[in-house]
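Only one chain is shown below, in structure tokens, and it's the form predicted alone.
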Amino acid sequence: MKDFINNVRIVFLKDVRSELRTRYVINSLLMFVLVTISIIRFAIGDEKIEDEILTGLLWISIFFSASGGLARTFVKEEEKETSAALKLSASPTEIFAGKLIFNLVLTFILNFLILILFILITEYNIKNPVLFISVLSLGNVGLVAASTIIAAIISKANSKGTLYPVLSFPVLLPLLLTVINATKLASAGINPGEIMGEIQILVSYTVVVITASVLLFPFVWED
């Protein structure tokens, strides 16, 4: 267990150092966030938009912003030809766990920025912040878990750019439908017990996706 945790930490720190050195994903994601939020601000203007519509716009921003960075999780290893060295350094499960943790950290930082900017420009009203953050966090974990294994699959394909949206949409559709509804209800200040069904779906989705990803990843990675 100690070796497993140490190798996961090494893979995670490798990605952190690589990203801090190149800042490719960070810069592209920040630019995407600023452009997306600006477009929403110009489109809304001075009109008062219902919170239900704003919830959908929030998750559109989160989904497409995250997709831009998560899709390159394993593609960059193939492009830089570092995948062979990575295979010799850690087991497939350790590599997947390290990449997953890195994507989670990156996505949560990104989504914190998105949420702050979104609230500032739209005056999005959140009546139950604790429940709202809980739902948002569960949705992000599920989004990152599914996107990480999809990124591993497309890294082995020739048409990497076009394959990601084709594979990700049907896999993420149940998650997005559930989390958008749960986020809408949480922002409206509804009793936590009334969205327990949505929360259970989000937790179940995340557990199933992570379990399936751990089982599938060695076959994808060693191919």
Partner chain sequence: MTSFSVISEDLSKKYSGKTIFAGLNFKLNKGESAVITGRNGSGKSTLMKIISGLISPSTGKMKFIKNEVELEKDFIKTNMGFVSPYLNLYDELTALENLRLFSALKSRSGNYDDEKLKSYLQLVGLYDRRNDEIKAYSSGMKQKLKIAFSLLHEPALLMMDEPRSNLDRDGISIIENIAMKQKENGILIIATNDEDDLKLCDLKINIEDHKK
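Residue numbers count along the first chain shown, from 1. Computed from a predicted model, the values in this text were never measured in an experiment.
Below: the form predicted in complex with the partner chain, not depicted.
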| query | finding |
| --- | --- |
| Candidate stretches 86 to 94, 123 to 131, 104 to 112, 137 to 145, one within 4.5 Å of the partner chain in the predicted complex by heavy atom | 86 to 94 |
| Contact flag, Thr206 vs the partner chain in the predicted complex, heavy atom cut 4.5 Å | no |
| Partner contact for Leu215 in the predicted complex: the partner chain, 4.5 angstroms, heavy atom | no |
| Proximity of Ile199 to the partner chain in the predicted complex, heavy atoms at 4.5 Å | no |
| The partner chain contact at Thr211 in the predicted complex, heavy atom, 4.5 Å | no |
